[in-house]
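What follows is a single chain, given as structure tokens, in the form predicted alone.
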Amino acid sequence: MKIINLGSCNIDYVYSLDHIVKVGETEATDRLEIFPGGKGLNQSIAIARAGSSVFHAGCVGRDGGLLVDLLSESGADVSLLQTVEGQNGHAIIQVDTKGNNAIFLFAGSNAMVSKDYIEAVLSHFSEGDLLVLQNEISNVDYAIRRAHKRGLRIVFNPSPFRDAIKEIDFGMLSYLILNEVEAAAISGCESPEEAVHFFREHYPTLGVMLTLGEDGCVLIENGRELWQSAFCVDAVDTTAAGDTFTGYFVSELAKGSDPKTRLKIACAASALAVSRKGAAPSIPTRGEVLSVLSRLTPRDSHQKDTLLKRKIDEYLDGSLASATLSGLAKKLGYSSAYTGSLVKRLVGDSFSKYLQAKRLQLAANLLLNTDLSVEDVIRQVGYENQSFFRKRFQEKYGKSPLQFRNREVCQNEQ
């Protein structure tokens, strides 16, 4: 299996600032650093440093010689790279004191990737080979259609996002690697959890790799979700974090690594990258990643789930008699469909079964600790159908409500 990355090559101009400049604001800086970059170049370097062979294709300007040299020195095959007239693509990057960044791009040579060139590049590859694509070059949609026709497996990173991406047939892709912002733009969902539900429902055969920054990532593959925590590091520059992750993920995919290994190594590589300055220069080698993997501390992967579980219980305990799935969905800010799947994942039961279990538990407590009649207990816990309640109570406790109360009281008196 061969890997071909058809992607951008940029020159990055990185300005260090106290904070990212806002609209209408002027901010002075006395530090400018120049780095090779571009999502395509970064990902090819990451693939190569992760230990896999990769062909890098794309267009560089006459001023892009340093980019070609870096790709070659990093282990990428540049024999398919094309030099064109005009200025190379470049990026202006702001980096604040916390390591956050804001970027704008000048396409330059990256906008000169023609359909004829794409045909020439793809002619060197065949069914089963991996094509990696981003959205910083021209004719991405054409490359996807032609690669799919040749039987290539396509890994697409839709960054930077544009509305035209929505017109792409995702059914032609093998994997979609995207972040929270891109997932929201494609799915229309406000939360990562709902986006996961969207992709599982609408693209059941598509592998989706959703990166969540400090919250780690989630892989949707073969109908399953696999969550991986991020690792704790001191962030210096997040510029190449996503590209490093993508490159390592693709490399491990080509190696045939199992999904859990893919995520763990990709997250570790990304963690090392954000602890260093620059884009391409920050990307670690596989040896560096493996040497620190056992020492990296994962962030609390259960923190968000614990908070959500607490919110579910707070809602049910506070309005047990009137609780509904739509009411819980409104409290959490999710759709009812997603909320139902979330409850199932967090508590192991459907919403109705979990609600019923809580109502029966409350009913048992009221029978033992109050003088309420059985009928009043039934109404207080939210059952309108007394026969239904009595049947469910009998199934859970092995006796009728009255038998339960009398037996437990007698045992306590003895």
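This is a predicted model, so every value here is computed, not measured. So that there is no doubt, residue numbering starts at 1 and follows the sequence shown.
What comes next is about the form predicted in complex with a small molecule, which does not appear here.
- request: Could you tell me which stretch in 130-138, 321-329, 216-224, 247-255 has residues with non-hydrogen atoms within 4.5 Å of the small molecule in the model of the complex?
  value: In short, 216-224.
query: Taking 4.5 angstroms as the cut-off for heavy atoms, does Leu212 touch the small molecule in the model of the complex?
result: Yes, contact at 4.5 Å.
- prompt: With the partner left out of view, is Phe231 within 4.5 angstroms of the small molecule in the model of the complex by any non-hydrogen atom?
  reply: Yes, contact at 4.5 Å.
message: When the contact criterion is heavy atoms within 4.5 Å, does Ala271 count as touching the small molecule in the model of the complex?
response: Flag for Ala271 set to yes.
- prompt: Pro158 near the small molecule in the model of the complex, any heavy atom under 4.5 Å?
  reply: Output for Pro158 is no: heavy atoms all beyond 4.5 Å of the small molecule.
message: Give me the residue from Asn179, Asn88, Thr339, Ser74 that has a heavy atom within 4.5 Å of the small molecule in the model of the complex.
response: Comparing distances to the small molecule in the model of the complex, the residue within 4.5 Å is Asn179.
field: Single option in Ala280, Ile118, Cys267, Leu152 placed near the small molecule in the model of the complex, where near means a heavy atom within 4.5 Å
entry: If I apply the 4.5 Å criterion carefully, the residue I get is Cys267.
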